[in-house]
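Given as structure tokens, the chain that follows is alone and in the form predicted on its own.
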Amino acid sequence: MIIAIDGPAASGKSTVAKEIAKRLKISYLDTGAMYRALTWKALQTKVDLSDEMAFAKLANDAKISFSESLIDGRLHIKTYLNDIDVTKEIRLPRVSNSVSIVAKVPAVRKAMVKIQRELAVGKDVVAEGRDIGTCVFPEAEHKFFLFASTEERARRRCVELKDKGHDIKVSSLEKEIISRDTIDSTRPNSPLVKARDAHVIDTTEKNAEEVIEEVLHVIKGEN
């Protein structure tokens, strides 16, 4: 069984997907972390952000893997790039500011989709990202599209970053989110769009538990 959860940045995808995976006791796949890992590598090696051929080589040479663990009842995921733990590094603001540029490169998306499909072979998986239900797993049994207002998403991201010790203004995050939305939704290859058969959830005024319960009701076929 594949459960696809798509949506823009800070719409609640990761929180919901992790909890669904934990409660259903199935695997969790954060496709966004894969693009972030490549972006981090590009920034570390000072790759020109306009050099699509260099990005393609990085993607084709990349070995990306994940590990899962339960800590205090919460599912924690570590991301590895070429066997190096980059879990914390890929969430840095400088990575967030550049990931959409890397993710729109066709060769990068092709390489990442191949890896994503390989990671799901023979497993029940909750996969979250921006093109899961439309491109990566178009035949997924359950599809969801989460969204929220720009203001709310910026507020959430601000809280998240401050908890990690980063001092950043909500206004700056709003501009970043609008920019990412534009790049992600207008790229010609696998844009951020809602799958026709996706269940849509506006998370603006809902807490995580409310969204999780709605997703579970749909999966279980409850009214």
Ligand code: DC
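Owing to the predicted nature of the structure, the values given are computational and were not obtained by experimental measurement. Heads up: residue numbers just count along the shown sequence, starting at 1.
Beyond what is shown, the protein has a form predicted in complex with 2'-deoxycytidine-5'-monophosphate (DC); the following relates to that form.
Only one of Val125, Ala140, Ala111, Val99 lies close to 2'-deoxycytidine-5'-monophosphate (DC) in the predicted complex, with a heavy atom inside 4.5 Å, and it is Val99. Remark: of stretches 51-59, 65-73, 163-171, 35-43, the one touching 2'-deoxycytidine-5'-monophosphate (DC) in the predicted complex is 35-43 (heavy atom within 4.5 Å). With a 4.5 Å cutoff on heavy atoms, Ala103 counts as touching 2'-deoxycytidine-5'-monophosphate (DC) in the predicted complex. Not displayed here, 2'-deoxycytidine-5'-monophosphate (DC) is approached by Arg91 to within 4.5 Å at the level of heavy atoms in the predicted complex.
2'-deoxycytidine-5'-monophosphate (DC) in the predicted complex comes within 4.5 Å of no heavy atom belonging to Arg156.
Taking the partner from the other structure, 2'-deoxycytidine-5'-monophosphate (DC) in the predicted complex has a heavy atom within 4.5 Å of a heavy atom of Arg187. Taking 2'-deoxycytidine-5'-monophosphate (DC) as positioned in the predicted complex, the residues of 124-144 that bring a heavy atom within 4.5 Å of it are, in sequence order, Glu128, Gly129, Arg130, Asp131, Ile132.
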